[in-house]
Ligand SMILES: Cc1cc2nc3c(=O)[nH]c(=O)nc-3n(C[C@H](O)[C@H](O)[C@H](O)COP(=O)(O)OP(=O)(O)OC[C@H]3O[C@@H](n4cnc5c(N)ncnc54)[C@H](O)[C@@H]3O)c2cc1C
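Only one chain is included here, represented as structure tokens and corresponding to the form predicted on its own.
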Amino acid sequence: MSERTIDAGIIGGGPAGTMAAIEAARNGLETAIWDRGTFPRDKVCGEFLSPEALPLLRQVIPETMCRSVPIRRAEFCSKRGRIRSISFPEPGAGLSRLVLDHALWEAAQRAGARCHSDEAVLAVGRGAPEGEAAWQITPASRRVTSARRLIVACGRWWKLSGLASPAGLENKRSAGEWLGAKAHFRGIEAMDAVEIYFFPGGYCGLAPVEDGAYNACCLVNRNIARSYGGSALPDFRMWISKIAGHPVLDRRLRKAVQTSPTVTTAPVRPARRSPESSGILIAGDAAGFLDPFTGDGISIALHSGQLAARQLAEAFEGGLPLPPALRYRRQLSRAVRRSYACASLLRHMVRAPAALQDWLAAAIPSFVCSRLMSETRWRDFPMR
């Protein structure tokens, strides 16, 4: 069975996909979005919203953003207790993915997009050559939807029958050396900072989120994790304490009470991927995964989703010198290429021995740290 042809089909209901759906619908495109999960749902994430993300979010989910917690600085702490603090030019915010993703999904519905949750897309195929629809989208319900344009925003390891995808092209065993894990806590003394605790082979971040809770999220070398049983334990605090051996982090978590299940994801590999394929626009983590310690992942997801939808909207208006996929590729590359280049340099600090991490925290001036962090931000350029 098939429905009538829509303008834009979007696969993936995270920040990139929902922002694309909101932007497409607001520009008058008949839009549908699919996600295999239901909302609210949890995700492994640092749950820090950089200042660059806030203007977008305050436009589309203003009531929800009132629940967020202001975050004015970042603290980087070595295993030996050396702390480097960096103040933000403008405050960021802390908000859980449980709240953020649900609010964005509902905002997409209010904008006019048809939202299909708990319905995985099984396959994507080319439309009939003589027809106006470029793509046929087949979800689990088998009710095929025809779409003139397609945006894929379904995460780092997306896999769709009919499309070449990272899950099919890369070997997961060699594609990522990192394991991500997170849990929520209560009983942690509140600070207006996102805290990053480095240790050889990984780091753990703490960020305040809504309703007095704290998010603890870590990235750990999988070889180190295997020596402690592989995946994170249900008792996140005990597990990260054994792996990190970080006295300052242990003190911060001493009175904490875990209030959510431990959530994990693997493999994790920071890397850029192609933002388009056969005319399909790819947004969010599907187009590239930036190191979480940079704190701009959600912002890049939101902006890339909005950018993809705007390119489609302009293409429907006509008169553009380049196809939307090529324009999107160029624009996205300009916005993020310096972010990935700088993050790859900072990544070496995560691999360094504890003594070197401590020396770097002491030796690098604050203005250099601030400049390095600013280099990982999304950059807006005039559309062209």
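Numbers for residues come from their place in the sequence shown, where the first is 1. These figures come from a predicted structure and were not determined experimentally.
The discussion below concerns the form predicted together with the named molecule, not included here.
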From Arg26, Arg329, Arg67, Lys43: within 4.5 Å of the named molecule in the model of the complex by heavy atoms is Lys43
Scan Phe198, Trp135, Phe289, Phe236 and let me know which has any heavy atom within 4.5 Å of the named molecule in the model of the complex. Phe289
Would you say all of Gly202, Pro270 and Pro353 touch the named molecule in the model of the complex, counting a heavy atom within 4.5 Å as a touch? no
Check Lys79 for me: does it contact the named molecule in the model of the complex (non-hydrogen atoms, 4.5 angstroms)? no
Does Phe88 reach the named molecule in the model of the complex if we count a contact as any heavy atom within 4.5 Å? no
Gly12 within 4.5 Å of the named molecule in the model of the complex, heavy atoms: yes
The named molecule contact in the model of the complex: Gly127, any heavy atom under 4.5 Å: no
Only one of 141-149, 294-302, 107-115, 250-258 sits within 4.5 Å of the named molecule in the model of the complex by heavy atom distance, namely 294-302
Residues in 20-54 with any heavy atom within 4.5 Å of the named molecule in the model of the complex: Trp34, Asp35, Arg36, Gly37, Arg41, Lys43, Val44, Cys45, Gly46, Glu47, Phe48
